[in-house]
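Take a look at this one chain, the form predicted alone, written out in structure tokens.
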């Protein structure tokens, strides 16, 4: 069973993900249809970042996965047998 701490961390991660998804969805889907001088635009970054930020995040995730796989492969390496 999950402890209270585990449940709190899980709930906060789900809440953060939901908030991030909502923010990004509004930024990418709704904002292009809103006038440029509308007050809603002050809460969002420029449109160039809609491509740059997910690309950088994907690169960081792939680098972390590669580093993890490399570390596991180095740790589980078996020495060569000498005949």
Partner chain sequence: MLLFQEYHGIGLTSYLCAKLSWLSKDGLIPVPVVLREISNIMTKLLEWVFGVSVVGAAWAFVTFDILKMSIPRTYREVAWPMPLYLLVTFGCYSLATVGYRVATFNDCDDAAKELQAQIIEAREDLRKKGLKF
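Numbering follows the first chain given and starts at 1. Nothing here was measured: the structure is a model prediction, and the numbers come from that model.
This next part talks about the form predicted together with the partner chain, which is not shown.
4.5 angstroms heavy atom contact with the partner chain in the predicted complex for residue 70: No, residue 70 stays farther than 4.5 Å from the partner chain in the predicted complex.
The partner chain contact at residue 11 in the predicted complex, heavy atom, 4.5 Å: Yes, contact at 4.5 Å.
In the predicted complex, residue 28 touching the partner chain (heavy atom, 4.5 Å): Yes - in the predicted complex, heavy atoms of residue 28 and the partner chain come within 4.5 Å of each other.
Exercise: residue 46 in contact with the partner chain in the predicted complex, heavy atom 4.5 Å: Heavy-atom contact with the partner chain at 4.5 Å: absent for residue 46.
Residues within stretch 7-36 having a non-hydrogen atom within 4.5 Å of the partner chain in the predicted complex: The stretch 7-36, when checked against the partner chain in the predicted complex, contributes 7, 10, 11, 13, 14, 16, 17, 20, 21, 24, 25, 28, 29, 32, 33 at the 4.5 Å heavy-atom cut-off.
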